[in-house]
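As a starting point, one isolated chain is supplied in structure tokens, in the form predicted on its own.
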Amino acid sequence: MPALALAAAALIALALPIPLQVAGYSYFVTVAFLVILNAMLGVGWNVIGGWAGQFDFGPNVFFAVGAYVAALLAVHLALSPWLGLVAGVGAAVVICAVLTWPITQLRGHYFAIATVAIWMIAQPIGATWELINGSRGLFLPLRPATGPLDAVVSLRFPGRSKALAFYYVILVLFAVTLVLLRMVDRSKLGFYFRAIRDDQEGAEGIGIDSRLYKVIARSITAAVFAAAGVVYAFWALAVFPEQVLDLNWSTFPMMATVVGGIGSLWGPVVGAVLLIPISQLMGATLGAGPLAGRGIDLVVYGVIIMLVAALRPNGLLSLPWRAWGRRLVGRRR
């Protein structure tokens, strides 16, 4: 059943945007892009929040680091965004390790407050630092691609093909992230992370350096957020501090992880597939027209999250999906 579900999900992810694009519904392709982007961020946040058990409220700082590094390299050195992605991920990992090591002695809500403080410090830096143009932001140079290969290398896709092309770019990165983090989940690192989460004193008693592995866990999260930030920067063709340091880049992945099933690899994916379309559609319907400015879309969205959290506190993956699948297969037979 898991193999069949995975194959069906992969087929839907690959094929669904094509008829939408052909029919001219580019908005829904963009929503699908945001779903995969937030699912990728949720999977990355799950490493520090779900596996290591350290609630991190400031991973959007590394989303901004990836976006800014790639944008600076593209603007000043005309480097490919793929080289910018490697540089952005490397910079985010180094900065994360330097910032995280001093706060690894903190636990629980103290660690969470420290991550919020890092985000608060990053905001005025992003708004005033002249190297990154401060609040004026960075605009990526726009030039037409000479062919399909150049479009992929430079991440510059013409006209209506942009939404569909970026969807497949983020889908490939998301698949790579899933494969790599599944390897981490099954490796010694994954067991060390869970040991620290379940009993830090006991883990230290058997020789696990909790400070070191907290830094490693958060650095993995930073790498995923930085890679997603690079793709977002070239999709938006601009990087502003209030844009890439927006708190939603932290809260949406966290909510998706908790709603889907914190600590499981696929929980953030399930949560993102549910929450992000609801958020976008509520904003486009209840947040527009005569109801604009009343916040009804946020109220409905909040009620949905509260119902899911109240009825399934362990996440949607705790539902008996396998039993339902067996019943369905048995009935068909």
Partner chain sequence: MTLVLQAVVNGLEMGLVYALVAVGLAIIWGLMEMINFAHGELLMLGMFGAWWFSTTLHLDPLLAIPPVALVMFGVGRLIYTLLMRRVQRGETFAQIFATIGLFFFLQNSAVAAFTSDYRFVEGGLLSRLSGINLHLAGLSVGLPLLIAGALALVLFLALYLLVERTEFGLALQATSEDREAAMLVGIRPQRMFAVAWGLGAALVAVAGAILANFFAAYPQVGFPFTVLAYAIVALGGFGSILGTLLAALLVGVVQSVTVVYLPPAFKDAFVFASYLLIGLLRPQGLFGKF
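Numbering follows the first chain given and starts at 1. If you're wondering where the values come from, they're calculated on a predicted model, not measured in any experiment.
From this point on, the text means the form predicted together with the partner chain, which you will not see here.
Enquirer: Quick one: Leu106, Ile113 and Thr251 and the partner chain in the model of the complex, is every residue within 4.5 Å by at least one heavy atom?
Expert: All three within 4.5 Å in the model of the complex.
Enquirer: So which of Val98, Leu149, Ile121, Val179 gets a non-hydrogen atom within 4.5 Å of the partner chain in the model of the complex?
Expert: Filtering the options by heavy-atom distance leaves Ile121.
Enquirer: Of the residues Val94, Val172, Ala117, Leu77, which one places a heavy atom within 4.5 Å of the partner chain in the model of the complex?
Expert: Exactly one listed residue reaches within 4.5 Å, namely Ala117.
Enquirer: Indicate whether the partner chain has at least one heavy atom within 4.5 Å of a heavy atom of Val308 in the model of the complex.
Expert: Residue-level check for Val308: yes, a contact with the partner chain.
Enquirer: Taking the partner chain as it sits in the model of the complex, is Phe63 in contact with it (heavy atom to heavy atom, 4.5 Å or less)?
Expert: Looking in the model of the complex, residue contacts with the partner chain do not include Phe63, since no heavy atom lies within 4.5 Å.
Enquirer: Does the 4.5 Å heavy atom contact test between Pro102 and the partner chain in the model of the complex come out positive?
Expert: Yes, contact at 4.5 Å.
Enquirer: So in the model of the complex, is the partner chain close enough to Gly49 to count as touching (4.5 Å, heavy atoms)?
Expert: Yes, Gly49 sits close enough to the partner chain in the model of the complex that at least one of its heavy atoms falls within 4.5 Å.
Enquirer: Please determine, with the chain shown alone, which of 69-77, 164-172, 219-227, 257-265 has non-hydrogen atoms within 4.5 Å of the partner chain in the model of the complex.
Expert: Correct option: 257-265.
Enquirer: Taking the partner chain in the model of the complex, which residues of 43-67 have any heavy atom within 4.5 Å of it?
Expert: Contacts from 43-67: Trp45, Gly49, Gln54, Phe55, Phe57.
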